[in-house]
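Just the one chain here, the form predicted alone, laid out as structure tokens.
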């Protein structure tokens, strides 16, 4: 097949397989998928009923024969079969419509992975991608993808400090010369903050609320610092003492009290990373500051909290939710020239 014709039929693709959201980037087209990492399954037939936004609407509302499943937990694939089906669905949805679209193949996938992932967890990502139809799979550590998404040159000796607070993990890393010098990976992020809010309501107000309600509360009145706004919100749930519906009014300070212990863990991870960073790179970071990304970086005041705690300037990257996939998109533009910053997986050969 001629090279130009082959390029039209075979598209390389990037995947940000996140705990909360899955984003897909197709070279030449940009971000084509940005949907929740949720799959609704029929337990009786083992068939997929919905994926993404439609499946997310079913969380907490399904009858016994339907399960709304999140196949990733804390940045790690927890349900291989469902993750494979979900990725396959998104890849098919990414193909161009029409006669020629059905012939498109995905020979090469670049997938973002947490820095703290084990070899087993990375192999699981690779296996899911191959099972979904990829011929070649490359992995990129998420902090490097974030730096690329921020239009920074990761191959130079200048130190880059990235804090990526997503749904399942917080990735803290110092990057220089195309690699990660020091890093911390913490399984405390957006989903943990939601859990904190759920438990706080149960213990403080004796009110049972769901995950989606907790997420809304975090978005609307959640804050990392006292910003003087003193917002309030009405919350509906089930009274745990009577088992009946109940509505209460909660304040911004209540939510801040609920999530502060987890925020302190994130701050501690950043501090401990600074402590083990080589002095020469600290000098660079004092000038450039901390690059903050991930959906949880949108929590009001979190940049100021980090800045006050670490004594380093903090800048939230533009559109922090898509920072990883934008970085992967830059890799796709020159995949051959970017292979030195991609992660390889070591597989033990079976005994003879």
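Not measured: the values here are computed from a predicted model. Positions refer to the first chain, counted from 1.
There is another form of the same protein, the form predicted in complex with a small molecule; it is not shown, and what comes next is about it.
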property: Option from 128 to 136, 275 to 283, 261 to 269, 190 to 198 whose residues, in the predicted bound form, bring a heavy atom within 4.5 Å of the small molecule; result: 190 to 198
property: Partner-contacting position among 218, 122, 85, 108 - heavy atom within 4.5 Å of the small molecule in the predicted bound form; result: 218
property: Candidate from 312, 50, 32, 298 lying within 4.5 Å of the small molecule in the predicted bound form - any heavy atom; result: 298
property: Residue 11 within 4.5 Å of the small molecule in the predicted bound form, heavy atoms; result: no
property: is_contact(residue 168, the small molecule) in the predicted bound form, heavy atom dist at most 4.5 Å; result: yes
property: Residue contact check: residue 149 to the small molecule in the predicted bound form, 4.5 Å heavy atom; result: no
property: 4.5 angstroms heavy atom contact with the small molecule in the predicted bound form for residue 321; result: yes
